[in-house]
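What follows is one chain in C-alpha cells, specifically the form predicted on its own.
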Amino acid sequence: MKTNGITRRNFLIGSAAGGAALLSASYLGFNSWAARDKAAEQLSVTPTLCDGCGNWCAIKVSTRGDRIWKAEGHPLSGNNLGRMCAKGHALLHEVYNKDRIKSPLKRVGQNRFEQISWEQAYKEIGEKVGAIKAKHGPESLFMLQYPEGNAALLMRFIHALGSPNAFSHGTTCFLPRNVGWWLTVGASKPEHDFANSRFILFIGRNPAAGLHLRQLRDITLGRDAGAHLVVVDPRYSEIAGVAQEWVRIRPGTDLALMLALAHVMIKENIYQKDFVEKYTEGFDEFAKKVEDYTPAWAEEKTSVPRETIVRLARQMAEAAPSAIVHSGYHGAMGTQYKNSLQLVRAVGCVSGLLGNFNQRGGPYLAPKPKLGKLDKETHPTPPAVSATMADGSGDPERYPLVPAGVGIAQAIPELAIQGKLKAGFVYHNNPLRSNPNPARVIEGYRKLDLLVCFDYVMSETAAIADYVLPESHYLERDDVVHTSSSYSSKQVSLRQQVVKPLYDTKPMVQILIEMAPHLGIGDFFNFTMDRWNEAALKPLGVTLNQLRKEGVIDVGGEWKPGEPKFQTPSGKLEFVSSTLQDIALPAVPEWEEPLVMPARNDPHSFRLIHGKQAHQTHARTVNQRYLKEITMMNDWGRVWIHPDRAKALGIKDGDCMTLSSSIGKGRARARVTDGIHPDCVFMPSGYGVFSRHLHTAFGYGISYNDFLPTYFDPVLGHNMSSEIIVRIEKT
C-alpha cells in the first residue's frame, strides 16, 4: 500500500529501526544537504529524552553536522532499557515538519494571525494580564498544562501571578487511580515486580498499547517464567494477545468482579492472614461488606461466569504473595466510569488479601530521588496563594480529594462562560481536542479575554488563541532535570538540545524567564535553567556536566522486597479509609452502578469505549506522517462491533456506520469482530483532529470526545469518559 508517497519500506529506511538515517526527501532533503555538507561526516551522539508520550524514555540521538541522523534507546534507562518504540523513531522527523510554528503569532482577526517579535508578545501579554488582574483579580487567571517536565516552573509562574488555578489533564486521564491508591496505601502509583510474579491480572489496562516498554519486557519475562497472565477487558486488547487468558467483561462492571474475588478469598479462607493481621486496618468491616457480593451476583452484573470468578480467586490466592493486580492508568481505573474510584479501592483491598505489597513478584512503592530547590534568599519563592481553585478543587465542601495542581480541566469552559476565569495559559495541552463536548469547550475558551498558547504546531487550541508562543522542538531545547519512578532504583535524567532551533522558537523555561518581568513577577524568575538544574541535583551528588554527558545516572536506593511501609494515616493498608470517613464518604469499597447503561431491548444502543494504540499518543502524534501511515496501512481507524449486534443492524465488516449520542454525531467504518463485548463498541483514541493547520491528521477519524457530554464525577469531578451511550445505524 502507498499513501502520499510513503511505503512501509521507506518508513523503515527512514528510521533507526531500519538501520539507516532519516532519508525522507520531503523532510530532510538528504540529497541537497549531503551535496553541500560533505565535510560533516563525523557522527555526534547526544543523550536526551524522548517526547513521544509521558514515559520520557531516555534515548541517544546521533547527528551529522547539524542534521538528525538516527536514534537508539539509552541502555541505562529504567523506563525503556535501550529500546525505542515507533513513536520515538517517527517523532525525530517532526523537527522538520512543515506544520511547525516558526515565530510568535498574534491574532489579528478570525482565523488570521501575524508574526510578531518575542519582545512585542511579552509586552502586550504583560499589559493585558495586568489589566485583567486589576479588574477581576488574580483568581481570574489559570494555567493548564501536561504535568511533566516543566510542571514545577509553570506552577511557580501561576502562583507568582497570585492565582491558585493550576490545572492538568488529570480529570481526563488518571485521577481516580492516583487518589484511590493514595487512600488505600498512601502513594498514588505502585510499581510492579512483573518478572518475578506467578499471577498477573490486568483490569482494563493495556501496557502493550498505552505503551510502557519496561513493563512490557518484564511482563513477558514473568509469563515466560511461568506466570499466568489474565486480561479482564471488554475488548481483546493488545496485551490480551500476550496473555494466556482473556476474560470478556461487560464494561463498567469491573468493580463487581473485584468485590466477588474478595468474597471468594475471604469465604474460602484463602487470603494471607498474617499479612492482613499485621499490615492492614479495617478487615472485619470489609469482610462483612463483601458477604453479599457472591460470584452468582457478580455474574449477573459482569457477564463473567461464576465458575470463572471462583477459579481466578483461587489461582490468585495460590500464587500469593507473588501475585499482582495491575495498578491501572487511564483504563477502567482511570477517569472512565462513575465507579472508577471504588474500583481502585477494591483492587487495593484485594492486594491486601493477597499480602503482596513489597513482596517479590508483587506491587511496591518505587524509590524516587528527592531533588533540591533554589536558594530562597537568592531566588525568592512566590508567596503562598490562600484562595481555593475556581473549580472547587481542595475545597472541603466541594472536591476535597482533588489535589492542588490537578484541578478539573473540563470545568474551565464552564468557569469562563460564568465569567469566573478571564485569562489562561495553555502548555503541552490541547483541551479543544482532548476534553469532552468540543462545541462547549470552544464556546468557553472563546469567552476568555486572553488566551496564550505555548505549542510548536497549530493545534485546535492554538488556532483560537490570542497569542501563540512557539516552544522549540524537544530535540532543539534543554529542559529541567527529570526523575524516574518506574524503575527499581533511583534515576535522574536530562532532556538536552541535540540540534539548534530551526526557527525563532525558544525553550519553555526561557520563555517564562523572559516574560516574567513584563508581568511584574521577574523577581521570582531571576535564575537560569542551569541554576535550577544544579540546585535540583545538589542533594544527589551529581553535577549538571555529568548528567549532560551520561544522559541517565543511577543514584542508588534500589528497591528490595521486605516489610511494607504504608503512608496512610494509620500506617497500614486501609480496607476502611480513614480519610473517606473524615469527609463522610463511603469508606469501604461497595458496589456502585455505572452512570449509564445501554438499553437492553434496543438493537441500536451501545456503550462507547475507547483506548490507545501502540503507535499513537492522543492527538499529539497523529499529525506525524509515518505514524499516520501505520494507521492507514493496517486500517486501524475503524470502530469495533460484535458480529451478532452487527448482523442485527445489517452491518458487514468495512461498512460505514453512523454513531450518535446526546451531543454528537459521526461516521466510521466497522470492524466486525468477536473481540468485543456485545454491549459496546470500541473506538481508537487520538483521531478526529479538526485543526486545518495539521495537514496530515486533519479530517481522519472521529474522537470519543465528540460524543461525551460535559460530566463531573460527584467525588473527584472527573469526566467519566466511557459513560457514553451511542445509537448506531448502518450508513
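Quantities reported herein were computed from a predicted structural model and do not represent experimental measurements. The numbering used is simple: start at 1 and walk along the sequence shown.
Below, we turn to the form predicted together with a small molecule, even though it does not appear here.
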The single option of 457, 230, 555, 521 touching the small molecule in the predicted complex, heavy atom within 4.5 Å: 457
Proximity to the small molecule in the predicted complex, single hit among 642, 618, 625, 128 (heavy atom within 4.5 Å): 618
Taking 60, 497 and 551 together, does each of them reach the small molecule in the predicted complex with some heavy atom inside 4.5 Å? no
In the predicted complex, segment of 428-436, 108-116, 353-361, 378-386 with a heavy atom within 4.5 Å of the small molecule: 428-436
Find out whether any non-hydrogen atom of residue 705 is located within 4.5 angstroms of the small molecule in the predicted complex, and reply yes or no. yes
Residue 151: touches the small molecule in the predicted complex, heavy atom cutoff 4.5 angstroms: no
Does the small molecule get within 4.5 angstroms of any non-hydrogen atom of residue 612 in the predicted complex? yes
Does the 4.5 Å heavy atom contact test between residue 332 and the small molecule in the predicted complex come out positive? yes
